[in-house]
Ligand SMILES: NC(=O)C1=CN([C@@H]2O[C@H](COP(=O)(O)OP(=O)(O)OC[C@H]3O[C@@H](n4cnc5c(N)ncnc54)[C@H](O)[C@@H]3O)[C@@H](O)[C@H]2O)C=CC1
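In C-alpha cells, the next block holds one chain alone, the form predicted on its own.
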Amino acid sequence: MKDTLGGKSIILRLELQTEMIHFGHLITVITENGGDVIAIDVIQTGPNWTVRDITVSALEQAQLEAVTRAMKELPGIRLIHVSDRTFLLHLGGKIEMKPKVPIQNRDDLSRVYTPDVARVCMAIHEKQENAYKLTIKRNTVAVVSDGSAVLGLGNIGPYAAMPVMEGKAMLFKQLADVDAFPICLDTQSTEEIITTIKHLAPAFGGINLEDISSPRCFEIEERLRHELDIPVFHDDQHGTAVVLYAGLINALKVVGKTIDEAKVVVCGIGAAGIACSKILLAAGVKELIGVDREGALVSTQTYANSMWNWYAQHTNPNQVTGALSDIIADADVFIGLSAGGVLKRSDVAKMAQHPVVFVMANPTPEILPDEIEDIAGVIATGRSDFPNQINNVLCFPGIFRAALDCQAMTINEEMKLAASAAIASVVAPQELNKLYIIPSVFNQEVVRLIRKAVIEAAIRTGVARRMPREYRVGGTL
C-alpha cells in the first residue's frame, strides 16, 4: 500500500524582540501545541531583536496550524512567513530531463538531430524492433493516471494527480534506474484512456497505470494487455498484491503455517482486493473468502459489479455466508483492504491460534496494531510508523527493471509470484520475526533480486524477447 501518513513540517521565520520574549518560552509554546523543534537557524540579529528560522515537525497538519496561530498571538514575536517544506520540495516539479551527451558543435548537432539522424530513423523504419536499441524506449515507462482515485483523496483530477506521478517517476529512477515519465490524462472515459495510451505506446517500453478508479481500471488494464506488445501493470492492484504475498510468505513462516492449509479472509473487494486474491489463489490458497459491504461473496448470488461475480465463482469453496465477524471465525489470515475501524479485537480473538493480520487501509488501518499485539501472531499495515509496512514501492521498480531488460511482452502471474518470492528472500531466516517480515524500500538487494527472479520467470514462460547478456552462452546471473 502507499504510505499516505508520514511526518509533516514547516519552517517559521520569526522576528523576536529579545527584551519582550525569551527564546526558551518560544520553544515551550511550540511544544505545548504539538510541535517538535528539529532545527534553528539565525538569519539576522540586532541590538534587541533577532530573526530566526525555526523548523517544526508534527504528526498532524492540525498541530502545525496550532503552532502557527500561537506564533501570531505571542507578544514580542512577528511571524514573517511560513514555509511548508513539502511544498518547497515540489516547486517547479520534482523531475527534469537531461541529455546523455552534450551538443557542442555543428557536427554533434547533425548527428543527434539533422541531417545525419535520418539514417537512424530509417534503420528503425526498416526494422521496428531497432527502436529498443536506438531510442529511449528500452528504458522508459509511462506512469499514466486520470486522477480518479489518488491516494485517499479520491477523484481530484489530472492536474492534482501530477505530484504523485512525479514522485513515482523519481522512485523508478532512484531505485532501479528506470526513466519514467508522468502522464496525467484529462479524460475519465475508458475508451479515450485506452486509445490515448495505445497512441503513446511507441515511445515506451512499459505502461504503469496508477490511481485509476475501480471498476474502470480492470477493463483498461485488460484491454491494453491484449492490444499492446509491452508490459501493462496497474500498480494499485498488482504492486500491492506482490508485496502482500511477499509479506505473507514470511508471516506464515513465523507462525508455522502453510499457505495451502490456511483459511484466508480478504476484506474489501476492490481493485487491490481482487488482485491480492488472485495472486493468493495462484500461490496455492484453497480456502479464500472475500467480504465486502454485502457480507461474504458467494456464487449463489448475482452482483451488479461484474468483478464480484467473477470473484464469487472462484472463491469461498464452502459457500459460507454472513458478515465479517461471522466469516472470520477460525481464519488463519486476515487481509484488510477496506476502511479504518472495520475490524474489532473480538473478531481477531475468534481467529485461529497465532493469526496473521494484515490491516492495510490508509491512513487508518482496519484496527490499530496496539489493540491486538498480544493476540496476533504477525501484524502488518500500509503505514510507515508501524513494523511490517506493505508498500508497493518494493515491487514496481524491480519488476519493470526486469521487464525492460528482457523486453518482456507482458508481466504474467509467474513473474509476479517470482517477484514476491524475491522480496521475501531479502529477509534472512535468522532475521525473521513477527516485527520484521518485509524489507525496507531502501534495501539495495530488493531490486537486484526481483530483477533476477522476474527475468528468469519471463524466460521460462516464453514472454521475454531479449536474452540479457548474463543469460547468454557462457554467462551467469
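A residue's number is simply how far along the shown sequence it sits, counting from 1. Rigid core here is just the name for the largest C-alpha set that superposes within 1.5 Å across the two forms. Here the structure is a predicted model, which is why all the values come from computation and not from measurement.
The discussion below concerns the form predicted in complex with this ligand, not included here.
- Annotation: pocket blocked; 3 or more atoms of this ligand, superposed via site C-alphas from its pose in the predicted complex, fall within 2.4 angstroms of backbone or C-beta atoms.
- Proximity of M122 to this ligand in the predicted complex: non-hydrogen atoms within 4.5 Å are absent; the residue sits far from the partner.
- The closest non-hydrogen atom of E287 lies beyond 4.5 Å of this ligand in the predicted complex.
- By the criterion of a heavy atom within 4.5 Å, G152 is counted among the residues contacting this ligand in the predicted complex.
- Among residues of the shown chain, L337 is one whose heavy atoms approach this ligand to within 4.5 Å in the predicted complex.
- Taking L404, V143, A361, I230 one by one, only a single residue has any non-hydrogen atom within 4.5 Å of this ligand in the predicted complex, and it is A361.
- Put simply, of F386, Y132, W308, F181 only one has a heavy atom within 4.5 Å of this ligand in the predicted complex, and it is W308.
- Every member of the trio S214, A271 and D292 reaches this ligand in the predicted complex with some non-hydrogen atom inside 4.5 Å.
- With this ligand omitted here, the record of contacts in the predicted complex names 389-397 of 134-142, 95-103, 389-397, 313-321, defined by a heavy atom within 4.5 Å.
- Scanning 456-470 for heavy atoms within 4.5 Å of this ligand in the predicted complex gives no residues at all.
- Once both forms are fitted on their core, the CA shift for E191 between the shown form and the other one remains under 2 Å.
- For F396, the Cα coordinates differ by under 2 angstroms between the shown form and the other one after the core has been superposed.
- Comparing the forms between the shown form and the other one, the C-alpha position of A203 differs by less than 2 angstroms, with the core used for superposition.
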